[in-house]
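Below you will find one chain, with nothing else, as structure tokens; this is the form predicted on its own, and questions on how it binds or moves follow later.
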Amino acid sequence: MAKLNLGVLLSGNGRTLQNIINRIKKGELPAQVRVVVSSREDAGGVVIAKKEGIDVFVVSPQQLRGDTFSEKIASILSKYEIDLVIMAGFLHFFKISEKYQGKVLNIHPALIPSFCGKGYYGHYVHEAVLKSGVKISGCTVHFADNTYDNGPIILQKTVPVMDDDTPQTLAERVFTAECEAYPEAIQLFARGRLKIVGGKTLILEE
């Protein structure tokens, strides 16, 4: 099986990037991270990428606004012949061009369609979950489209919400689930087992 060329978009500490790198090193993912694009110069993910010898670019939404921001990112990705774009805690709107339709994955730290959309990221998600009183949370991997936290769902993993949870403890439990869910979804994509039909993702038999 040919290795997938991955492009990773991030804004934060890079834990999702590191998890993917670790899975690749263990031989669990037929992929290679070709390039990382960060929206912040000081993001932890930039440090990880440089340490791993991965090409990294910073594209600031403050300097490039509107479509220009997304076009700059797309132009970087195109230079690396990217097969799949991984959004790994990328906190800005990336307008997906026709070239990358069905080739961008996102992971959200809740069970879509609950607790998602613009403004629902990081601790804001977990605070809303705890405030609501639901007993189950989790994560969702989906194909991204041009609406926040939208697009065909690939898979979801659940975690219990404990009575004594804080946003931090719930976040860690959800992130543990994310560390399994994202590589699993990438693996399914690599094996050609994902097909979008009528706005839903079908997982095909091998």
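Keep in mind it's a predicted model, so treat the numbers as computed, not measured. The numbering used is simple: start at 1 and walk along the sequence shown.
Keep in mind that the form predicted together with ligand GAR is missing from the display, and what follows is about it.
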item: Residues G12, A88 and D149 all lining ligand GAR in the model of the complex, heavy atom within 4.5 Å; value: yes
item: Distance check, F57 to ligand GAR in the model of the complex, heavy atom within 4.5 Å; value: no
item: Exercise: I107 in contact with ligand GAR in the model of the complex, heavy atom 4.5 Å; value: yes
item: Close approach of Y120 to ligand GAR in the model of the complex, 4.5 Å, heavy atom; value: yes
item: Stretch from 129 to 137, 107 to 115, 93 to 101, 77 to 85 whose residues place a heavy atom within 4.5 Å of ligand GAR in the model of the complex; value: 107 to 115
item: Within 4.5 Å of ligand GAR in the model of the complex: residues from 155 to 177 (heavy atom criterion); value: F175
